[in-house]
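Take a look at this single chain, the form predicted on its own, given in structure tokens.
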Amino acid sequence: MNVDQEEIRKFQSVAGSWWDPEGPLKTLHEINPVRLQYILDGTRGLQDLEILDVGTGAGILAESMARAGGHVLGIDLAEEAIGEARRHARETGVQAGYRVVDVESLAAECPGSFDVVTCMEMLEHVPDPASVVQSCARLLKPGGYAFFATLNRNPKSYLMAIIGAEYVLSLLPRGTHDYEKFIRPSELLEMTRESGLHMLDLKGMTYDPWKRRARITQDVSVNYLCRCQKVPAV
């Protein structure tokens, strides 16, 4: 499988505190409203859409998309995180489903099944991100939308996303990111093109650690998001 077991261990270790808004993944809670709004703006609403969240963890984004009216399936290979996602969904009554399965296997199982596929902050944690992008495209219905969020690879992103966020400000657990796995926008653009996706939009996302608030910008030098559409077969 397209998986780094060390990455899985990292996220298993924080599974029990995933839903703690003041815990080790507090920044994820704080950027989630911005991620959700970007998706809502890019789809004009999620009501009754079939949605897949790839690399869902314990389901922070998946639950918010389900609350927005989508029929959501979240997938991840971190079993303890999926366990927390299921537990939280039961406790809150949110109708979201979860599976422990890799995206490549799911793409072989049910291609063309989803109106929207999201893959946020996940591509920089796998050995072969192009394979993930290709599988996301395969899972989409023609004309469906894929959303990706990841980190640019340059000195500024190393300074801010690793040194600043992990070691100086402790916004994330140390060792969360590996700079060599960061992905330049041009590289992601090539992956999407080769997968039959047309990139419609590319935006940056900045985070203010003092105000604890994120926003969408035009600056893609560190964190960035993109919206793609599956090109219908001719």
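Note that the coordinates shown come from a computational prediction; the quantities given were computed from them, not determined experimentally. Residue numbers here begin at 1 and follow the sequence given.
There is also a form predicted together with S-adenosyl-L-homocysteine (SAH); it is not shown, and the following applies to it.
The partner is absent here, but in the predicted bound form a heavy atom of Leu77, alone among Leu77, Ile162, Ala107, Leu73, sits within 4.5 Å of S-adenosyl-L-homocysteine (SAH).
In summary, among the residues Leu28, Leu171, Ala66, Met191, the only one with a non-hydrogen atom within 4.5 Å of S-adenosyl-L-homocysteine (SAH) in the predicted bound form is Leu28.
The closest heavy atom approach of Glu84 to S-adenosyl-L-homocysteine (SAH) in the predicted bound form falls outside 4.5 Å. With a 4.5 Å cutoff on heavy atoms, Tyr224 does not count as touching S-adenosyl-L-homocysteine (SAH) in the predicted bound form; it lies far away. The closest non-hydrogen atom of Val231 lies beyond 4.5 Å of S-adenosyl-L-homocysteine (SAH) in the predicted bound form.
In the predicted bound form, S-adenosyl-L-homocysteine (SAH) sits beyond 4.5 Å of every heavy atom of Leu46. Contact check at 4.5 Å (heavy atoms) against S-adenosyl-L-homocysteine (SAH) in the predicted bound form: none of Pro129, Val133 and Glu187 pass.
Only one listed stretch (153 to 161, 108 to 116, 121 to 129, 86 to 94) carries heavy atoms within 4.5 Å of S-adenosyl-L-homocysteine (SAH) in the predicted bound form, and that stretch is 121 to 129.
Contacts with S-adenosyl-L-homocysteine (SAH) in the predicted bound form, taken as any heavy atom within 4.5 Å, map within 8 to 24 to Ile8, Phe11, Trp18.
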